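Next up is one chain by itself, shown in structure tokens, the form predicted on its own.
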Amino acid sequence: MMVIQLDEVVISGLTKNFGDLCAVDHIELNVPKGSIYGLLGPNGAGKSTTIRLLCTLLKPNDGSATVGGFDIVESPVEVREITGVLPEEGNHTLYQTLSAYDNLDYFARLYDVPEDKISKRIEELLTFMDLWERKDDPAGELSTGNRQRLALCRALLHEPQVVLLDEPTAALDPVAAKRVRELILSLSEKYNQTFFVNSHNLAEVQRMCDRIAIIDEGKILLSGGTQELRQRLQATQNFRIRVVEKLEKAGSIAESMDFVSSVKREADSIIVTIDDPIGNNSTLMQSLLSQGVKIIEFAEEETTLEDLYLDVIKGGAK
């Protein structure tokens, strides 16, 4: 029985063991409807296993999960009907000798897309993905990036509520990867679909996802909104201080301050990590100026998730 809920995916205590290996360890996640949710972690962290559990390819050893209100164990057929999946290296799961159009036609029939809607849906997706002019080309003759886009078309054929993407830009060149990210953002906006995206790429997650969870060794270490997690870095913030000569002196002065936790030298600048920057920036600036250091720039470095991610993976976050 379907339950009306605000979250499209609800995971509670989900666990998967392979012998003595606990690949997914009692994870808890809520994925809001219409969101692009990123599951971020290194290779082997449990990301792909989580996707396979959610699309019912694997059964959990413990815990539960619902997708669109359907339980992944009790209602696997219903879950598959409302879920689109792009597996890792999904471009290799296409029929290489079939044309792009015929690949989608074949899978549309497997998905039970109504006969009178198949051709229109295929044209819509191929046009949206800038592949319509390549519709008659065998999938095996398309570039890696175009095959990945074709595989994404396949995942979207039946207009799924939830789209599960496993490393969607893996093995793509930077231009193709950027195009796939833009497509996901456009699809989310156009169709209000929910995307659950696995990635080990920090930049990708930061640019595309509005919520993320960090997983390692099968455990969720941290989760929340992208901006919310960024704010965790604001208690200590990095600043770039560019100076005229006297770089070593500037670095030594900064290192002598109790509120400066790290100093890194780069060309004509030092990058300093300052505790409570609102209260301490002026103190550091005054100290530098009073000791003859001429400052060209004193600017906040752009906050990214990288420091937080590395801190969490290394066990630094509580």
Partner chain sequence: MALYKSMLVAKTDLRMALKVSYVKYGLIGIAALGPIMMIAIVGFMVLADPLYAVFFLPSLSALMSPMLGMMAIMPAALISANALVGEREQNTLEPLLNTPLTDRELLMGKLLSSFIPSFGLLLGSILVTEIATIIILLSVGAPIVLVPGLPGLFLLLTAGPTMIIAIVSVMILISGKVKRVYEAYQTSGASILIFMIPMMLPIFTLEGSGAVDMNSVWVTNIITFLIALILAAVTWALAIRRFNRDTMISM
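Small disclaimer: the values here were computed from a predicted structure and weren't measured. Positions refer to the first chain, counted from 1.
In what follows, reference is made to the form predicted together with the partner chain, a form of this protein that is not presented.
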The partner chain contact in the predicted bound form: Leu289, any heavy atom under 4.5 Å
no
Is Cys153 part of the interface with the partner chain in the predicted bound form - any heavy atom within 4.5 Å?
no
Considering non-hydrogen atoms and a 4.5 Å limit, does the partner chain approach Tyr191 in the predicted bound form?
no
Any of the heavy atoms of Leu110 lying within 4.5 Å of the partner chain in the predicted bound form?
yes
Does every residue of Arg265, Asp276 and Lys294 put a non-hydrogen atom within 4.5 angstroms of the partner chain in the predicted bound form?
no
Contacting member of Cys55, Leu29, Ala45, Val272, with respect to the partner chain in the predicted bound form [4.5 Å, heavy atom]:
Cys55
Going by heavy atom distances of 4.5 angstroms or less, which of Leu229, Val85, Ile220, Leu172 would be at the interface with the partner chain in the predicted bound form?
Val85
Heavy atom contact within 4.5 Å of the partner chain in the predicted bound form, the stretch among 67-75, 102-110, 179-187, 237-245:
102-110
Do any residues of 93-107 have a non-hydrogen atom within 4.5 angstroms of the partner chain in the predicted bound form? If so, which ones, in sequence order?
Thr93, Leu94, Tyr95, Thr97, Leu98, Asp102, Tyr106, Phe107
